[in-house]
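Here you'll find one protein chain in two forms, each presented separately as structure tokens under the names structure 1 and structure 2.
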Structure 1
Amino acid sequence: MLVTNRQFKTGVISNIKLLMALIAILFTVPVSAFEDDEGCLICHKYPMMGRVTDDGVLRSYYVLPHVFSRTVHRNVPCRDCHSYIKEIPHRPVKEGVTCNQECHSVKNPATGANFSHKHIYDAYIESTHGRKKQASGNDADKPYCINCHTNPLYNPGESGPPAHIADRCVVCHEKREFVERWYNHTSRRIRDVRRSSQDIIELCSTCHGDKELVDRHIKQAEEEGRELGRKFPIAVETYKDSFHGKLTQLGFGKTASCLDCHARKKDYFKSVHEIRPSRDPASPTHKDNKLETCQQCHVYADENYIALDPHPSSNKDDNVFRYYAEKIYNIIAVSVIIMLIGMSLLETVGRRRDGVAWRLRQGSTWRRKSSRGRDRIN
């Protein structure tokens, strides 16, 4: 079994970079807050602003300016997302923010067009998880963008570029604010801030490990005559039983996490939004694509190797061989233990009859009289 060296190296290098960046925090300058052109924060900056909804859920309505100004969305005006707010003071809000909207204030510098996440959305909506923002019934179980993404901080723990870098950019670009903005944008993406294997497993398990949710969908699929993958009911528990799952739980991050198999390594950041069931020929878990998927790490994998089940289970319907093998091993294991205990008992009884007494302190002794006249004391 081989894992390419490159993977390990990039991991180490990015860790060193991260460490250097963390050290550099000590020398940083504070970032100026974003501009609240629309005046939303006149009301929304007050901590504790919120209310308890009719269903008894506490909703927070405050946005802390010094925190928001360090998030990846800080240059997006509130109403580019909350576009349903048309006047101030505004009416009670009914709709939510959808992530396929066009920004009216932020342009994509590469294309010059209004920026939007629409092409991610288009891939996502075609995927097995695709759903509308306002979803009901079983569709509501599927993850929308904000189930997986909050509004992350640019480089957490760092409030701006290290001075020695910023100074160098400023010497040409003159405006420090420009430099800080671009530094934050690029440095976050260059660093390996993506989720760890453990985080990915936790994310997918919140739903795929939720028995009630899974059962709901099996029932619904049956009613609709729809097919679900044969591992759908047991995806998480069987992964955790697998070699990959165990190693990951032990903290070895280079084994396969859910997304290493269910998304493609090439174009990874788009591919994670295109998860499809294994019966779909476009899925990296489809039988025709499995070889390529496993070979990303197991360079010498062949057809026999990929026949090994990444979701191994000893369920009778799922794998008859494993089921009986486990049964037989269990019988053998139990018999061996019974025989061991039996032998010890026989031996003990035999010795007792030969005049060996039991004592807790000072060990056993030979000073007892044998009931069979085989007394060891002369």
Structure 2
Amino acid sequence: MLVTNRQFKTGVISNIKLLMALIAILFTVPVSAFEDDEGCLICHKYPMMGRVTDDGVLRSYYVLPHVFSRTVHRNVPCRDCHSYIKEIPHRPVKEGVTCNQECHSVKNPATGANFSHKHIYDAYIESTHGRKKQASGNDADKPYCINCHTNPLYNPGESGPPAHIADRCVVCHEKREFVERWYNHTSRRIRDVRRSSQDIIELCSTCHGDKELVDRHIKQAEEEGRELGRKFPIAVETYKDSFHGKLTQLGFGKTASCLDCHARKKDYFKSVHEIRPSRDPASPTHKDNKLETCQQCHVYADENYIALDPHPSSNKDDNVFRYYAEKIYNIIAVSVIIMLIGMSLLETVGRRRDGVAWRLRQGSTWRRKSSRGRDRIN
């Protein structure tokens, strides 16, 4: 059967369309998981979409709708944060999202105003960790919001409220979709979402345990004639040597972590954003606030108790008593071990002189009659 030129071209075009459709089915993520009124997922739905910047940093630009729909930002339209996008397809982005921006599509139910993290952002900027998103020099070492905060999932193990709860709420609120969204947000916030002590130590150690980073800041402070915290260079290692640190490493979850001392308990979730050095009168670790901070856990702590160093250092200039105590303890420990080994050697020599063989037998190395009549068998 002869095929005309036109039929051949039509067939090729059909096959190409079919192939493109199959590729789209294989590599396209379902987009029905949340509303995309602005059409951003036309491009950003494709996995592995991204590029390597001129600085050698890998930037990912794709969004997985079925994952994003379970996050705390699922109801925030893209351009509430990416407000610099004015057209689609948009021009290359030269500025990033900052966490103090206003959400024009999401209202604060308590005030009716546009929702914003600005009050938390302002507290963070004034803290010892505060920095702009686009930072340079040693400021770039400081943690920005996204270093500690991700876009967490709503209770991944739950698909929504139990039926008997949803049925009751829908009676007044009418829309089940609203009820499910409200439940996901509220149930996560009602739960204790604080990190564990182990997680906090690991998070803080990523910066405070980085020797090169610490040395950079020490050098900069010396050049500027600026004071740094006395324990700043050794914060992580001294904490791990402390009683609190050892218990945390053993998995005891109720031990004091960094934030139990350096953040206030009464307004914890705000205080963690405004960490201050101990010389600052507003810091929980300031000498005037230290007793109250310790009493959060140690109810009967007094002025004598707070004299104990939570970051015990073996440095002679930092803690003379601990320095000499460790020296003396090490001398005693080594001496005891040497004496024990010496006693064992003397005992061995004595038993060998008695003619007692050294062998493993019936649970003892010396169970044998002596050739000199000095039996060692009970």
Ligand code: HEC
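Residues are numbered by position in structure 1's sequence, first residue being 1. Computed from a prediction, not measured in an experiment: that's the story for all the values here. If you superpose the two forms and keep the largest set of C-alpha atoms that fall within 1.5 Å, you have the rigid core.
Only structure 2 matches the form predicted alone.
The Cα position of D309 differs by less than 2 Å between structures 1 and 2 after fitting on the rigid core.
C43 shows a C-alpha shift below 2 Å between structures 1 and 2 [criterion: core-superposed Cα displacement of 2 Å]. Core-superposed comparison between structures 1 and 2: the Cα of I338 travels 2 Å or more.
We note a C-alpha movement of 3.4 Å at G56 between structures 1 and 2, with the rigid core held in register.
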